[in-house]
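This document opens with one chain alone, in structure tokens, the form predicted on its own.
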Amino acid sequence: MKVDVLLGLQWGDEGKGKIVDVLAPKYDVVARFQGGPNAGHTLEFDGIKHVLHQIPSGIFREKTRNIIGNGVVLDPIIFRSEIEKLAKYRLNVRSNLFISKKATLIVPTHRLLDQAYEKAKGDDKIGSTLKGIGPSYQDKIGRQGLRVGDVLSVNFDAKFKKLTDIHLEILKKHDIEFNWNELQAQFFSAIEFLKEFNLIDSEYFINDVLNDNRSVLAEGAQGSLLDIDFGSYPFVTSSNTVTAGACTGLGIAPSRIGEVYGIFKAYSTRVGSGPFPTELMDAEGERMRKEGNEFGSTTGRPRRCGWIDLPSLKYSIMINGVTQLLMMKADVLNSFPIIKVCTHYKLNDGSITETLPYEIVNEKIVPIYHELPGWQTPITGTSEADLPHNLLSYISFLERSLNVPISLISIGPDRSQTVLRSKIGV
């Protein structure tokens, strides 16, 4: 059995949570492979909106087991808060949620360092969520981080003190206020809570599932254009958000990868700083933001909005080996008379290209647009036959340009507001 991978192709916020929830009944296991509480995966059903940060989006499906993989950085305090918010739904969380012993822990000083580093950047700040993601990954790479399995060690307190003493020494150079005794107490209380869950050797767990011919869906966080290697560096996240990250973040061989589902919005958004070639700084951009309720599910910050960007989508498709595309938020464009598609970039030297330049941050990119007529009508029904003609024309144009089939169209936030154009899932 293969592992199917689901990930975002833009700058995050594409709607991965909803689609994992829709697909989860088709899979035995849903596994998060990177990121941490900087993610905000939104699910909506039965009139209730749910936002998950670290817990995989298959948690609401009773027969689906969920894994927090080794590539994730886990904040025990936020984890406990998430679990407590789920309590009223009477989910079988403790039997259906498994946590890799090799996942890296976010300690309180990671969040403080995140604040300090971002504050020190001044006008050059990257727009961090201030959840401690970057500093925790730094410690992982620096071979001094703590891992989930360490909480079972008799000398965990000493390990924690050794790491946080290093952090506290650095923080003396920054003007950050905090109550260390209070932060420590919260952390150790959350650690005791964490120890009540299934802490596993997830790489063995997942490979045993595959060898038993059971199915796995790997759930990515953030988006491909935020990948630490292939994103708009340095305005990126601290992990590999692409398909290759599923291999290192779960302990599976590249030969185990099956379908790669690439999710994208019918337009583009970005939270925080960084390049955004098709960004709209006018009334149209504000209209997209309002129609799409474009505010960060983790930070609450307004998202920057713009037209769809095909050069960046082609890049993400290439890097990830995308086999099927899933288009989200088509309904947000219902009222627009003209739909613009960026097909090429014009660069500083006057050249025209459809590839992402290396210097995307400082290069003055002018998008070249192709225009299509909008559909200007509400979308009702859940079959392809119910979709407006001009929306189908837009979909066909994108498929021809991207050379990958669009298998699913999301026409609203609820799990029921989904149009399947072909079979997806096992």
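All residue numbers refer to positions in the sequence shown, first residue = 1. Remember, predicted model here, so these are calculated numbers, not experimental data.
There is another form of the same protein, the form predicted in complex with ligand IMO; it is not shown, and what comes next is about it.
Chemist: If the cut-off is 4.5 angstroms on heavy atoms, which of these, Leu112, Val216, Leu97, Ile133, is the one near ligand IMO in the predicted complex?
Modeler: Partner contact (heavy atom, 4.5 Å) among the options: Ile133.
Chemist: Among the candidate residues Ile106, Val242, Leu226, Ile206, which is the single one with a non-hydrogen atom no more than 4.5 Å from ligand IMO in the predicted complex?
Modeler: Exactly one listed residue reaches within 4.5 Å, namely Leu226.
Chemist: Please name which of the stretches 153-161, 185-193, 217-225, 315-323 has residues with heavy atoms lying within 4.5 Å of ligand IMO in the predicted complex.
Modeler: The contacting stretch is 217-225.
Chemist: Does the 4.5 Å heavy atom contact test between Arg65 and ligand IMO in the predicted complex come out positive?
Modeler: It does not: once ligand IMO is placed as it appears in the predicted complex, Arg65 has no heavy atom within 4.5 Å of it.
Chemist: Does at least one non-hydrogen atom of Val236 fall within 4.5 angstroms of ligand IMO in the predicted complex?
Modeler: Yes, Val236 sits close enough to ligand IMO in the predicted complex that at least one of its heavy atoms falls within 4.5 Å.
Chemist: State yes or no: in the predicted complex, is some non-hydrogen atom of Gly127 no more than 4.5 angstroms from a non-hydrogen atom of ligand IMO?
Modeler: It does: once ligand IMO is placed as it appears in the predicted complex, Gly127 has a heavy atom within 4.5 Å of it.
Chemist: Look up in the predicted complex whether Gln54 has a non-hydrogen atom within 4.5 angstroms of ligand IMO, and give yes or no.
Modeler: Taking the distances in the predicted complex, the answer for Gln54 is no, it never comes within 4.5 Å of ligand IMO.
Chemist: Among Gly12, His41 and Arg301, does every residue place a heavy atom within 4.5 Å of ligand IMO in the predicted complex?
Modeler: The answer is yes; Gly12, His41 and Arg301 each reach ligand IMO.
Chemist: Using the arrangement in the predicted complex, list in sequence order the residues of 248-278 with any heavy atom within 4.5 angstroms of ligand IMO.
Modeler: Heavy-atom contacts to ligand IMO in the predicted complex: Val271, Gly272, Ser273.
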